[in-house]
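Only one chain is shown below, in structure tokens, and it's the form predicted alone.
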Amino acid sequence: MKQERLTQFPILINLTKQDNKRQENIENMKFFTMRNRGIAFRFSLSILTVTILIFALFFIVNRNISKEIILKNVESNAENLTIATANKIESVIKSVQKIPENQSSLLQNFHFTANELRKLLRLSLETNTEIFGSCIAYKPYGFYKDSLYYAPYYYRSGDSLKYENIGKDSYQYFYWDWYQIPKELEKAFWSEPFYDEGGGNILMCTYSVPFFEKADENDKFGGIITVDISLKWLEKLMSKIKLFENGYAFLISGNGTLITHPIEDFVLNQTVFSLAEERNLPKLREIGRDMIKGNSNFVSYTSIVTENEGWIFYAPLKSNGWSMAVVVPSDELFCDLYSLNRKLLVLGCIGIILLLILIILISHRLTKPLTKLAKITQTIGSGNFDANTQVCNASKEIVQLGNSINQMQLELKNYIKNLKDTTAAKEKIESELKIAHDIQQGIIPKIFPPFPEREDIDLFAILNPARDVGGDLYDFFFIDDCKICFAIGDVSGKGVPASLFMAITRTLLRSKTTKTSTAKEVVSELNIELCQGNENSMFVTFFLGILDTKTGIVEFCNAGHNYPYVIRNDNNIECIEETHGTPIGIFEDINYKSGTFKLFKNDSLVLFTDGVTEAMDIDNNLYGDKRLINLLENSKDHHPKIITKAIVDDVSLFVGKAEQSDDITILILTYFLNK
């Protein structure tokens, strides 16, 4: 067994060497990867990014400008085509309108016989090939006194003209729109297009003009003159309009009915509004409304024929309230532009690739010395401050960098030594501050309730310093079985000096207060003691009160401190606005006075420092006495701890994320005995 172990030992050594070699290769690969992601990588990436952004900006601007130019040209062409076609239609319609208008004038001034009327109608059709039919419809008993109907009508049938009196019981023309509307409006009227089944079997439209008979001084309605025009020529004219391969034109009436359209099933069977509803196209509904209002515009549009995005130009036919539109498909409109953009994109990509290769070659050549310095700095970073930083065959800037790193080595040695000393000193100070904080918190009473055996009073207080140690103080203690002394103060300044001055003040308070002491005597003695040897001119705003628990009378002395508040049993707030002198520790020869007030059953006395009312939010707004009074007025429970917590929570809510700017101290005493 021993021999086998000796035989296997060289194999284990060899495997260990292979593992070390593999680990070294992995480290080299990591270093190579990190090197490529260093300055050379970032330099290449930055230039490439800027180049791509410039090319993209140029590409987008060029595309947008080109699209605008194309759209302007198409809009101009569509407008010219639409207006030219509309003018052609208008010329035909206006020439047709003149015929019944002239006949109306004749009927108003002359009386015609039945034969003359027939000749007049026949002549109108013979001389105007656009007219399909014409009729003169008299009012009831308007032509023959014994005949209700008389409406001679000539119309085309193939190559000949036919006559018919359309007035009869089966066709009471008085109630049709082409008769009623112009009669009521007393002006000419174009009917909606309709398909004449059984007559010409063609798409038609009727123009009705009222005529009047002279009766004394006034004109009296005589009847209606109509001309029917075939819209077959209009269909041929509109079908010839074509922009690009899938562009088309259509015509709508004043009510939005499709008069002509590439899809024949839509003609007279659909309106732009019904199509918009069926296909959920709100844009088409807006366009339709604008068209029937007689407006013209060039807007984006989804084609009903191809269901592709496109553009539409529309303009009105003012003579009869119709509107014409020309649709241009976007894909065909920008086809050449898209082809050009694809070519530019390919050329741009090739250029960017060539630029990237050139940048990589240059950047690697420039950053090779930096790679060596990077290895050296890794050695320095591991703690070896004696590494050689000389770089050969490098530029002046790289040599200067090497010298700077060498200087950095020396500075690091000194800095680390100083850092160790500074850290040790800082840790010592922090430890001492923590001890000072604990000592300060130990000075003030913080066991609550403080007098659980007593039923006449209850008391609660807190002190939250703005720093590790602060200058606020509070204290309370019984002088005898009936009298309790309580005080609150705020030392000028913050930090350690204020905390020491606070400790001295609290110690003097306990030593100077006796069973026979009055509030003003205690404050006066405290002032004398604190003024002596006070070279830093520190002072304390101080409030001292002595409560007689039998009577509820409080004797107090306020030395420049915040006015306290009394929450009466009925939740009325009373402010003790009385000051008896300046803060203690300033002038030794001040004679302090005192005052009194009375507490009744369930009354609470609220003492606090200016850290409460002068708490600031992030906008430097103060908490203020008004908000504190409002909080106290709404307090439902007069228990000192509950009131204190409510004040602290409300101040915290007001301050929000702002840093605490001053020490916060609150002392609340509730009196239960006196009735």
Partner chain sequence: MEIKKEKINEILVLEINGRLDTTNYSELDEIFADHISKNEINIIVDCKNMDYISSSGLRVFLTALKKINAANGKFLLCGLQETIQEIFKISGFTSIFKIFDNQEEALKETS
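Just so it is clear, the structure is predicted and the values come from calculations on it, not from any experiment. Numbering follows the first chain given and starts at 1.
Below: the form predicted in complex with the partner chain, not depicted.
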Point to revise | Residue among Pro329, Gly581, Gly222, Pro465 with a heavy atom within 4.5 Å of the partner chain in the predicted bound form | key: Gly581
Point to revise | Among the candidates His364, Lys139, Lys494, Lys372, the residue which, in the predicted bound form, approaches the partner chain to within 4.5 Å (heavy atoms) | key: Lys494
Revision key, fill the gap. Here the chain appears without its partner; judged in the predicted bound form, the stretch of 106 to 114, 157 to 165, 316 to 324, 553 to 561 with heavy atoms within 4.5 Å of the partner chain is 553 to 561
Review point. Can any non-hydrogen atom of Met616 be found within 4.5 angstroms of the partner chain in the predicted bound form?
Key: yes
Exercise for review: Please run the contact check for Tyr179 against the partner chain in the predicted bound form: heavy atoms, 4.5 angstroms, yes or no?
Suggested key: no
Check your understanding: With a 4.5 Å heavy atom cut-off, would you call Gly489 a contact of the partner chain in the predicted bound form?
Key -> no
Check your understanding: Hey, in the predicted bound form, does Phe250 get a heavy atom within 4.5 angstroms of the partner chain?
Key -> no
